[in-house]
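Form predicted on its own, single chain, as structure tokens, below.
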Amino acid sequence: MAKRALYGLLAEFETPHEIVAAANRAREAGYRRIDGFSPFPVEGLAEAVGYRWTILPTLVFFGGLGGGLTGFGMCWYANVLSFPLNIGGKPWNSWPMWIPITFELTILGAALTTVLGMMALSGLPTPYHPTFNVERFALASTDRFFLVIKARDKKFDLPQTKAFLQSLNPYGVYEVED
């Protein structure tokens, strides 16, 4: 059986403070393609691995705007073009009565964009990830913390990166096959 391509190196840590310190040192050493895994949210880990900004708020704004314009457009089409009724001398384009529908579709558009955008930007659903090939990674959902330096990082060199990760005093360093 042929050996698979290398995805990266995985270092296992026992405490959240250790993984945050290790991620910060990896960033300071020049590694940019790193990722951290923990059984619960760790404050500062996202910033330490280089996660800074996302386009999700912009997508949500335009999703809400699209939903609001859809709601207003539907009401305008139904009351002005499709079936205009003159009731009590009110104008056909009486927009104040369309505010609830416009508001509700704004919220619906923003909410759907939030859920779908979050899933798309995080790569969910992910039924398979190369780190699942490491037997000890099963502990990432219970009590261990893992830091991955990916092989596609510009600075990645297997012996040097392995030595660097060993210098961080992890519980163990493992090769991750793709």
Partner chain sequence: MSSSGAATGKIDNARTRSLGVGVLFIVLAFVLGLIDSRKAGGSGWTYFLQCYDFAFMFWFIIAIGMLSVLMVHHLTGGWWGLPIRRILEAGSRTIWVVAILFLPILLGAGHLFNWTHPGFIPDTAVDHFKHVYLQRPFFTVRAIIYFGAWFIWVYFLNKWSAEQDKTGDPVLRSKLSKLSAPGLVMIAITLSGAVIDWVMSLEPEWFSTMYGFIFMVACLLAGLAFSIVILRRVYQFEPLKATIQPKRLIDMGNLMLAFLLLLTYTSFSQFLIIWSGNLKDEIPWYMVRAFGGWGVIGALLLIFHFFIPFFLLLQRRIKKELPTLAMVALWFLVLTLLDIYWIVVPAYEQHRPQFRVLDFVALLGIGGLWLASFFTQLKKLPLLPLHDPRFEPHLEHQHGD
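Residue numbers count along the first chain shown, from 1. Please read these numbers as outputs of a predicted model, since none were measured by experiment.
Unshown form predicted together with its partner chain; subsequent notes refer to it.
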Scan Lys155, His17, Arg25, Lys162 and let me know which has any heavy atom within 4.5 Å of its partner chain in the predicted complex. His17
Its partner chain isn't shown here, but in the predicted complex which of Met74, Ile99, Val80, Leu108 has a heavy atom within 4.5 Å of it? Ile99
With heavy atoms only and a cut-off of 4.5 Å, decide whether Asp143 touches its partner chain in the predicted complex. no
Although the partner isn't part of this model, could you tell me whether Glu135 comes within 4.5 Å of its partner chain in the predicted complex, counting any heavy atom of the residue? no
Is it the case that Phe61, even though its partner is missing from this view, gets within 4.5 Å of its partner chain in the predicted complex, heavy atoms only? yes
Though the partner is not shown here, which residues of 69-92 have a heavy atom within 4.5 Å of its partner chain in the predicted complex? Lys90
